[in-house]
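Only one chain is shown below, in structure tokens, and it's the form predicted on its own.
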């Protein structure tokens, strides 16, 4: 019971250092929603994404962009199709994300040597430099999340969620 309240409280709390519940928000009964894992996962996702976006506002990076950058860093030269499949990002949306990152000179798309229809992805020198700053901010975000739920429960939650990842 205590764990459920904590997740629900986290989902209802505005992200950031001075997190506070919304003002004048009426407390409604959740009915059957109180038994739906998907509802609480979505509420938690919203809370986590809001904190991430606020923490990385200065870099103008969204969660999907960050994920793409990390995968390219960990897998240089892989195709954009494989990156998109791994992250579950549809082709058109990934193409728009990559176009924006190319415009910012963070990512280079190169024709694949094995398939002329495919592009391999690489971080540029600027991309590597900016990603280091982004990762530093993202670490602050992750530390805040771990602090909010407690180290032990954070590890447990990560272990549970990795089973689905």
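Quick caveat: nothing in here was measured; it's all calculated off a predicted structure. Residue numbers count along the first chain shown, from 1.
Unshown form predicted together with another copy of the chain; subsequent notes refer to it.
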| property | result |
| --- | --- |
| 4.5 Å heavy atom contact, residue 144 and another copy of the chain in the predicted complex | no |
| Non-hydrogen atom contact residue 48 with another copy of the chain in the predicted complex at 4.5 angstroms | yes |
| 4.5 angstroms heavy atom contact with another copy of the chain in the predicted complex for residue 37 | yes |
| Another copy of the chain contact at residue 132 in the predicted complex, heavy atom, 4.5 Å | no |
| Heavy atom within 4.5 Å of another copy of the chain in the predicted complex - residue from 62, 96, 42, 104 | 42 |
| Residues of stretch 111 to 127 in contact with another copy of the chain in the predicted complex (4.5 Å, non-hydrogen atom) | 111, 116, 117, 118, 119 |
